[in-house]
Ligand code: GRF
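This document starts with one chain, in the form predicted alone, laid out as structure tokens.
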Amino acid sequence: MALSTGHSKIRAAVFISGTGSNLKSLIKFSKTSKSPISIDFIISNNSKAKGLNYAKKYKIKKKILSFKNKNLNEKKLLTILKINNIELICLAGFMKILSKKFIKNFKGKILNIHPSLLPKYKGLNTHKRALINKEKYSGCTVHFVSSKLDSGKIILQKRVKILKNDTDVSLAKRILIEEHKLYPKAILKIFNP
């Protein structure tokens, strides 16, 4: 088997704000031979994001942008992505909302993972809201990012049964395990249909 030089893979940037557990699973996936992507950049709006440790560990370039001045930061961001030939953005627990202008500039090339079965429970506190409404199922969704929050075209979803004694914490943990499997599957579905 010939060793791949990695040049044929789609260059991706992952945007994070926290622990980066989805980032970690995407990095592991990107290192497999079946992965159509390579993770070449990590962007965070939070300098204390634990996920930034993976940049060091896996020798991936990183940049921290505060997003205090959104316009300016997004301009910088587009420049960084262009210079580094980034063709795909994967949002993974990124807690900032990207502007319509930014999304237009990266049309159809931004993915997000959301911890609910969209279109239900867009935005935050998804697990708490699912429990309050006595849902039988929750889950996670990988979708394209559009200018409307959590409203882009759905790529893949995974249902998770809500158990009688679930709390938002226990439900979040079980859904997160599925997120780690679903994101790579969704990427494979897009690029190797």
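In this text, residue numbers run from 1 along the sequence as written. Computed from a predicted model, the values in this text were never measured in an experiment.
FYI, the form predicted in complex with the named molecule isn't displayed, but the following is about it.
- With the partner omitted from this view, the residue of L81, L98, L117, I113 that lies near the named molecule in the model of the complex is I113 [heavy atom within 4.5 Å].
- By the criterion of a heavy atom within 4.5 Å, P184 is excluded from the residues contacting the named molecule in the model of the complex.
- In the model of the complex, the named molecule lies within 4.5 Å of some heavy atom of L176.
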